[in-house]
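Below you will find one chain, with nothing else, as structure tokens; this is the form predicted on its own, and questions on how it binds or moves follow later.
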């Protein structure tokens, strides 16, 4: 529990802060000024950390501002979670309660590192936590990756069907091919496969964008091939996503039994429970009757292949893959298995390629200590190197891995570390009186930037919900930033 008794050293700090506010004529001390905290990023990492930091206010006066460069909150919950996963998006109800807490303020449409520099935040806040995630997808660096049409990163493809404004102009051509190749075997790769294979009537009941639905209705894709450079024991997707793919109506798995022949019961028994259950489901799937007689669409897992070239004249026509094999065959079940190429090339015909090989973070400000190779902020136990009062949490601090549950767990740890630093007197500026969000909003206004409040967001939320319900959907997202800003300022929206 974070709400434990404040240690003596911090009590002394509070006394000093209280005394500093007493005028020479006053006989009774004023309450100490609040500790101003800001969280940069309004996705799961930012909101869950805020939830845990709120426990501070039971023993300390604090305010927490959640800053977001977009006009809308929730980050990947809004723009990353697949539209057919409404149960995951239900976490927005929890986030709403956090945002509406009397000690919390959402400030949207404020681009930290651009509109306001990181160092400038120190004018307004005692504690600054960066939780802005990993927003850039890794590249393959192979011929044809950037020169051919219908080759997309999973980030852009997901953004297209999830309504990210910067991806609104994406126009994947799905009516000229019956085969798609997805490079990667993580949950995002399976999300993309599921969207391509799902019955359109099922998708029409979700918050997928209308423009994505229109293109998917014309799709001729019947075969989706997911390709990974290692074997079945190293796949990154989880059992939930695999199970959903196996249960799609009118869709059949086409796995090869020989890919799983090396897996024996002794190997399975040594696995941790999540990996064990996943492996058992793959084995169960491969043992089912895999024929093309009673299905309209099909998905495949191709292991032990590394992409070497994407071929075509103007549009992608095929992908060359080089076969790989374990460097040490005794390590077949090792999650960190190393592989080597063996020189054998296979060409896979296709008319759509989606690259889903992971994400990395960006340095939003030159002043921020950053490991550009790993794409993370330099930190030790979430404390940013050489920047007292600055912390990081989520993917930007540890790398782009894990699911929302892991983010929730980490938020407890980070909040505890911040509390410890406060109690142990490691933060030297807590006696300073700071203006928090009021000062930040004034600064943004002076730079012709209009900040968005949570009440502003609720106007847009109501508009999107009303528009969606008229179409039998939970929501129809607005795809244009200017339109978003217009609706947030319209009292009749």
Partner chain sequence: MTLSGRNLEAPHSVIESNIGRSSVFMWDDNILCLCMINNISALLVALRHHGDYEWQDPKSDDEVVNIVFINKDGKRIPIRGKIGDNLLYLGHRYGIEIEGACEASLACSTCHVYVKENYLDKLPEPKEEEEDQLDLAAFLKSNSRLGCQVILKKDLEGAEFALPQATRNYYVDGHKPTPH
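Residue numbers count along the first chain shown, from 1. As the structure is a prediction and not an experimental result, all values here were calculated from the model.
As for the form predicted together with the partner chain, it is not shown, yet the points below apply to it.
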Option touching the partner chain, based on a heavy atom within 4.5 Å in the predicted bound form, out of 296, 280, 346, 406: 406
Of 126, 398, 155, 223, the one that lies within 4.5 Å of the partner chain in the predicted bound form (heavy atoms): 398
Interface membership of residue 187, the partner chain in the predicted bound form, 4.5 Å heavy atom rule: yes
4.5 Å heavy atom contact, residue 335 to the partner chain in the predicted bound form: yes
Contact test in the predicted bound form: residue 465 vs the partner chain, heavy atoms, 4.5 Å: yes
Distance check, residue 459 to the partner chain in the predicted bound form, heavy atom within 4.5 Å: no
Partner-proximal stretch of 338 to 346, 172 to 180, 83 to 91, 308 to 316 relative to the partner chain in the predicted bound form, 4.5 angstroms, heavy atom: 83 to 91
Non-hydrogen atom within 4.5 angstroms of the partner chain in the predicted bound form for each of 55, 97 and 273: yes
Contacts with the partner chain in the predicted bound form - residues in 148 to 171 whose heavy atoms fall within 4.5 Å: none
